[in-house]
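Alright, two takes on the same chain below, each alone as C-alpha cells: structure 1 and structure 2.
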Structure 1
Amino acid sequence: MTIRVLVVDDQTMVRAGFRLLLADEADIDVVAEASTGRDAVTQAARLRPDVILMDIRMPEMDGLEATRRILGSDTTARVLILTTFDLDDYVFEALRAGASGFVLKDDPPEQLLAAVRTIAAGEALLSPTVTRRVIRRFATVRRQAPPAAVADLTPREMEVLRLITRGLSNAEIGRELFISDTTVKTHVTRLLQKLDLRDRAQAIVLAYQTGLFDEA
C-alpha cells in the first residue's frame, strides 16, 4: 500500500528536499505541496492524503490552525509536525491540535522516513523525551473530567494506557507486562475504540488533560 503524503512548508527549498527524500521510497508518494496553512487545508480536502508533513510557522495560517481545520473535517488524516523549534509550547499545542507526531527538520533522513511510516500505520510518534515534556506542560493546565468510557476499560487496558502515557512502544509495553506485541496491539486497538480516540497521541493528551494517572 502506497502512503500518500502532502508536504507543507513555506520554504521552497525545504519542500524540495522533503520531496526528493520521499521520492526514493517505493511505498511513499508525494501527492502535492503547500506553502501556507490555508493552502494546506485546501489541498488536504481535495486530495485526502494519508500523512501531512506540516510546518508550524507559515504565512496566512500557521501549521497548528491548519492541523485543527484539516482534522476537523477528516478524522482519518495523520499530521506529522515538522519544525526547527524544539520548544515545549509547540509540542503541547501540536498534540492538542490533533497531530500524531512531532519531529525536528534536522532529524536524520531515516528517522523522518520511519516517522512517516509510523504515522501512516495509525500509531503516534512520541518519544519518551517528548512525552515527559508534555506531562510537565499539562501539569500547568486545568484538569477536565475523564470521559465516562474510561469505566469500560479492563484493568489490563488501563495498564496499557498508563504505559502509553509514559511514551513506551508496543514492544516495550510487551516486555513490561510480559505479553506479546500482538496482544499489546489488540489492547491498544480496543482501548482507543472504547475511548473514541484516533491514536496514541490522543490517548496521551486525554490522560494528562484529565489527570487520569496523577495519583500513580
Structure 2
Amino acid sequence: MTIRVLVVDDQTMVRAGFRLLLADEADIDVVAEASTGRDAVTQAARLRPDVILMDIRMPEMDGLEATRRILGSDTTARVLILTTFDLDDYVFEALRAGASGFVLKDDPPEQLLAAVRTIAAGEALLSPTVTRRVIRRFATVRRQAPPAAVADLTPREMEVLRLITRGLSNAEIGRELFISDTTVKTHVTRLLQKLDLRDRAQAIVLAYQTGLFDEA
C-alpha cells in the first residue's frame, strides 16, 4: 500500500523539490503535479490521491479555495497545506476549510515526511509554530471573561438560558420544557437580573462570547 500524493504548487522548482524529496521513500508515490488551484481540483477528481500537498498562494485559484472544493466533493483525499507563510488568516482559514495538516516550507524534511504519513493514516499534524497559534487562539479568544454570576443560576435557569442561546422564543422554550410560557418568563426575568443583563439578546451575546455552551 503506497501513499498516492498530488503535489500542488505554482513554482516548477518547488514541485521538483518535493518530488525529489518524496522519491526516495518506498511507501510514497507522487502521482501527479498541479500548478494552479483549478488544476488541483480537476486532478484530484481524476486521480483520487490519498494526500494532496497544497500551496496557498497560486494564480487562478488559491489553495484554500481549492481545498474547500476538493473536500466538498466526493473524495477520500486529505489535504496537507504546505506554505512559506504561517499568517493567522491562512492557518485558521485552512483549518476551517478542512485541511488535515499545516507544514511550513522551511520545516525540516523529516517533518514533511512524517506529516504525509500521519495524515494518510487519518490523523492530523501541525507545524509547531502553527500549533502555538492554534493553542493561543483557544487560550485567549475563548475565555474572554467567565461571568462569575453564572455560577449561581439554578439548574432550571441554566436550561432556559441554553435554549435562549438557540434562538427560541419563550413559548417555544415552554413547549420544549413542558412548562407554561409564563413560567419561562419568570425564569428569564430572574436569570437576566442575576446576570445584570437587559434582554435575551444580551444573554445570547454573553453566552457565546464566554463560550458557555461550547460543548453542545
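Everything quoted here is computed from the prediction, not taken from an experiment. Please note that residue numbering is based on structure 1, beginning with 1 at the start of its sequence. Think of the rigid core as the biggest set of C-alphas that the two forms share within 1.5 Å after superposition.
- Between structures 1 and 2, only structure 1 derives from the form predicted alone.
- Superposed on the core, the two forms barely differ at Asp39: its CA moves less than 2 Å between structure 1 and structure 2.
- In the core-superposed comparison between structure 1 and structure 2, the C-alpha atom of Arg48 has shifted by less than 2 angstroms.
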